[in-house]
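Take a look at this single chain, the form predicted on its own, given in structure tokens.
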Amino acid sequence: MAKTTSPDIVYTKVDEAPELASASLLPIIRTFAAAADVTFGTRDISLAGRIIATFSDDLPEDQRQDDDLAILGELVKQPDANVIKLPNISASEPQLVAAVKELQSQGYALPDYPYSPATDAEKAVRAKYDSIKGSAVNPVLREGNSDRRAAAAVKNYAQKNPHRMGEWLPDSKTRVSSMSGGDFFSNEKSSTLADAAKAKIVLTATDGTETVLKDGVAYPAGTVVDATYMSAKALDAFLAKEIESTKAEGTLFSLHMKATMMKVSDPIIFGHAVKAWLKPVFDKHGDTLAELGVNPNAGLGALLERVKDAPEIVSAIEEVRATRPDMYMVNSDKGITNLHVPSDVIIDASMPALIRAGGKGWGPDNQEHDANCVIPDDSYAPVYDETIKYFKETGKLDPATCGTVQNVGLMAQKAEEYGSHPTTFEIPADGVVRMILEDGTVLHEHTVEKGDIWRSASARKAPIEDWVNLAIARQKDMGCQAIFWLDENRAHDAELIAYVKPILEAQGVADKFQILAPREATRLSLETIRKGENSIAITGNVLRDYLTDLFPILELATSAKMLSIVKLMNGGGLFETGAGGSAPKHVQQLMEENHLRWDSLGEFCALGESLKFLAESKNNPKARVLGQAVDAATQGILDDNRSPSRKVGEPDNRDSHYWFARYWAQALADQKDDAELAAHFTPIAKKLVENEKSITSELAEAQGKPVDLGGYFHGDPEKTEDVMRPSETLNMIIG
């Protein structure tokens, strides 16, 4: 997919299932858009693309590529920016290493990932790779705050065709367990800076040695700056206790983390869980495990691979596993557990799925069981805890009658980006960590021990004010319940409340909003939507991530169908295609069976909004007609049940794109606002109808056999196009 110079709309090249879908959908979009003089370009923010761009200076000319993420980072600051962003991999360490190995096999002379860098050169390489990990893309592109909600067509369809919900019983043993102290929540400190300032983060060890962990961190005036830490000893004690209590209760042990977005802290916590699970093995064989290169942060799967030729350790592992409770399984058929890969179980997807299933998780016997949902940090665990308690009391939610929870999320300019920036550290020695301003003022201070996880985050004044004003606009538009999910007893939230209340009062709308701690906000929102009414959740960044999966999965069965608009602070628009992740299991199925079950409904919704935004920003009325027709086509996909099936041999993603093109063309042919567009699309619509049998037959015939994409992270464009555009008849019509 070649780039277009100064295109009207930029469509991101990403990873896994959504990128495969783009190979089928984007040619349709480009052909239709050309009739309205709208151009589409692409920018590569895939994991492989980011790796290549980061190391381009060390590669031959024909392998180099632009740093498209940096280019997009500048574009989103422009008033005419219009970007459609698909889900990309928020790389965990195992994913990053796998991508590097694949690129190396394709002839890219990339350095190996240094697990334990010793030399300055290795440290420099590690720093480059670390800059790619986690949600590295999001803070660059999100120069605005988030407006996420279910599109009207999607919500209507979900109510008319309610998905199955698991039964919640009052005697369910499923529960949430979190630390009661020593975690990030209990140790948080927060301050709002009156003036612009620079700070350094310094560790003073007990022997007096000073280590500057980070220097030159700059904050504009009005920035809310947080600092906190998690005690490693408290974490280990908590994990040991929960493993034993899970065993006694006879439930599944399930750890729920965000080891992608929280790319520094959560992999470390994940590693603590692996060590706690196998504590006797690490106690006895710790030196040998270290010699074998075992890194518990990489997960149980990587550990088992490292020790496979050490029978004494393998035997010790099996002995310990026999004494542990059953574990929540990612894939029970393949024996992949909750602790195998840190990126396999992401809390904002895994917890809603378990809740939707009536509190059940899959065990090693391939059966559903109650579970102990272990969420170590207590910052947002109360959301899931209260949801589970609520459903135990009231029974499952009815998607046919429930209302909806929209979200206005604070995220602009890296707001609250815990873990996605270089101010998170695993403490190397006992001592005191201080954030010290240039004038010598100690902003925050914590006494820490070796192995503790210390981190800082911030939220700037302008994004906070923009967030509050966006919430006011959304509430005025919807006229429904609106809640700021802020806890006055939490340090960070108290600073935000000091911004929120004066703005609400100054605009005379304080009576339209409530400010509630997450636990109370959760219950009130659930009570509201159970009555068929709507609510707006106004939240910080991390909670935005969690809620825009939790409520859509309960309401719609998926978060991939959410309308996600980022109103950029300088006037442009970033249109995200839902919150459904990049779906690695979908890719595996395609490669094995040539069936892609990825649903592009999120792309359809984003496309319609992007075209309508373009119509206003560039005074292109044809783009508005195009966007309105996209909405009609999306409704047709839903009304006629043209979304992809999960099973091979049934219609998949490529079939849904045919129907989308057909409905889109028909809507353009039928509309009365632009005669030129109607005349252009009438014959196209006719051909798409007349050739239905040929097209659907060609698409069906392609399924059922393994396919070669030329790579998983860095596929071959020609091979991918052959796989994703198998209908010659459709290709002849579309071009």
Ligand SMILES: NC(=O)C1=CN([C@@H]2O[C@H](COP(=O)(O)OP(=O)(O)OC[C@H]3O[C@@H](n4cnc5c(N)ncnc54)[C@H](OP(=O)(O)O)[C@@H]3O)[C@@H](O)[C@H]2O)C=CC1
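So that there is no doubt, residue numbering starts at 1 and follows the sequence shown. Predicted model, so just to flag it, every value in this text is computed and none were measured.
There is another form of this protein, the form predicted together with this ligand, and it is not shown here; the text below is about that form.
The partner is absent here, but in the predicted complex a heavy atom of Asn88, alone among Asn145, Asn88, Thr251, Ser254, sits within 4.5 Å of this ligand. Think of it this way: in the predicted complex, this ligand has a heavy atom of just one of Gln635, Thr260, Ser231, Gln475 within 4.5 Å, and the residue is Thr260.
Contact here is defined as any heavy atom lying within 4.5 Å of this ligand in the predicted complex, and by that definition each of Ile346, Ala560 and Pro584 is a contact residue. Here the chain stands by itself, but in the predicted complex one stretch of 167-175, 203-211, 293-301, 590-598, 590-598, has heavy atoms within 4.5 Å of this ligand. Taking the partner from the other structure, this ligand in the predicted complex has a heavy atom within 4.5 Å of a heavy atom of Arg646. For the chain shown alone, Ser186 is not a contact residue for this ligand in the predicted complex, no non-hydrogen atom being within 4.5 angstroms. At a distance threshold of 4.5 angstroms between non-hydrogen atoms, Ser458 is out of contact with this ligand in the predicted complex. Though the partner is left out of this view, Ser190 does not reach within 4.5 Å of this ligand in the predicted complex, counting heavy atoms only.
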